[in-house]
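Quick setup: the structure tokens below cover two forms of a single protein chain, split into structure 1 and structure 2.
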Structure 1
């Protein structure tokens, strides 16, 4: 072979080995989340590599669930073998199973340590186990215990009306020294988290997005709940205008954590960070179920992240080992102790060490057990994308609740006609 060609061949081989993505046989694992969460995943993965001898490449994704989904959909719809394993938002399971992007996990997996209701609702599709829960989310109310004492308030509010009244009282007093102080922060930006918040306000007022299999949005109860969300910002002024421009989970968490709010709606992960060494509210917070509207019941949206294997993976047996490791008792316990994630396994809810670090797990068990799922439909994410700008537009003062919900319902009807569903 002439010398020049030999060099070219060598270069091609070298660049294939060095530059083309993950090491051969490595399992590519896609995860997203807050910076502290990603750092902890790194640690866990290194432990797995030591134990199993299987190399893993961590594919880092953002925190926002919609952005994470888009990244995965691009790879999976092109049948790419990479990533092999990923965390899946409970909201996408309908889409991923209907698109046949998940490899069944097989019948050797012991399902008994997991919550049967969650497996049935979310992970089992046509009798096959397609994913396993890594952690369960349900919306919670965080509040400042120290300010409750200082202003002589009774326990956490049971109704949204009480929350409003406490928030107004404390906000007006705190504003004298802190102009940034707000009564209540929650997620109102245009993204999936807004739908979770809306469903909690609506559900606690007897409404929701579906009645059985039927999508039902423009109801009196939903309109009232949406008007209340609007009023929190624009009439009562207890939630900041940035609620609808930028508040997602992390923005809300950091706002509350810097000491600038009395109440916060967030998922359980915020607990561990609020109690962390750098938190301005460490040791000062309580956690409770979300309030209800007068005469209603407290409702939490069922959130959470599951783990699945890509149907296009070319290292499936190794990928399954990683799934087993992440859903094991030990790893789930670490995720709870370090990140405050509510385990997907029910056997951890009676572990004494877990209950000592997260006593609210015992107290709030019912919240997670009864959390209400979003519709698990192949086209749910499209429904959500229709509803998000409408609800956000109400918070921004662009539409009246009735106008927004009627328009969204109309667009959803058109979407469903396209899918030929009733």
Structure 2
């Protein structure tokens, strides 16, 4: 090949390589989700570019949460400079902070518009702000207002015992015309949602208890909570037998939405779907905080997506501008109105326009102020995988609560010893 042609080929190859990468000084923003979500993110990014003059490359991730986490872990563990900014599930924060993959956001960020409890429990690590909430999630109790009126029940239950009483009363009467009616549907299948439900049944003093260097599960409150979960299905019969075999968020939602339950535990996303034109409960439902134990407070498991900057970003000042834009009042309001995302900012929960569209946010503010995260630990995923089959086994009648919790606690202790010796 003549030298001149060889040079032209080389230049063409280099040009193609450069065009495939992000624009110089562009902020690479990694985000996933459904097609409608990604389309709206593109619109928001165009607005940011016009306002700031900072170019942004949108790095599309899959809808699946585990695949999104794995994609970020691969890039960050290799110290890659991209992505610069990314959304991360609240359950990942322990891993990301312990791995030192997040760049502190700095002391100039105004933290006052955000829920202080969420920041303290999740986003602040060793006194430094590592991330900010963009979308908050938490367990809620949905209930049939029309049936409450029909059977002359007082307001939503404050305790699990009240819920049981209401559910048994209404179920016995509704079964005369609807044999498929149940008092309470919730997520009991073997997956992460079961852990969230367990924490809520266990209440403010239950769940994963840190005792020095170990995690304690086999406590009186946890045993009582697990026994109650079992009895809802097998003794009281107010939850369907399929609770522990197939009930996840969507199975629970569709069952309640068909008009076959008095109560439903689910996340806030279900509200808009329950109010849809094809819903059997449209205009008939209310929302409330989940019940509490007699001697405790209502607990909602914290979920949602937070935003952070990579420790390896080479455009950190520009990346921070994007973070400030996404967590701003205006952008958070747009995310709520267009995607139904519950804002990370507490000041939006009193916005008149927002409340006109989403009146249930009045209850959500109180829920998020008392929300409780799962353990913010780098090895939380392994802990969850240990606990899930044990709790599900109790619901299935394979184990007694004390047997299941003691076994899970021992497995977790072995896991922690393995990490300590690394």
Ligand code: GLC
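Positions refer to the first chain, counted from 1. Here, rigid core means the biggest group of C-alpha atoms that superpose within 1.5 Å across both forms. Just so it is clear, the structure is predicted and the values come from calculations on it, not from any experiment.
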Worksheet item: Which of the two shown corresponds to the form predicted in complex with the named molecule?
Response: 1
Discussion item. Aligning on the core only, does the CA of residue 254 end up 2 angstroms or more away between structures 1 and 2?
Written reply: no
Fill in: Rigid-core frame, C-alpha of residue 82, shift of 2 angstroms or more between structures 1 and 2
yes
Worksheet item: C-alpha of residue 265: shift of 2 angstroms or more between structures 1 and 2, rigid core aligned?
Response: no
Practice prompt. Would you mind giving the Cα movement of residue 305 between structures 1 and 2 in Å, after fitting on the rigid core?
Written response: 2.7
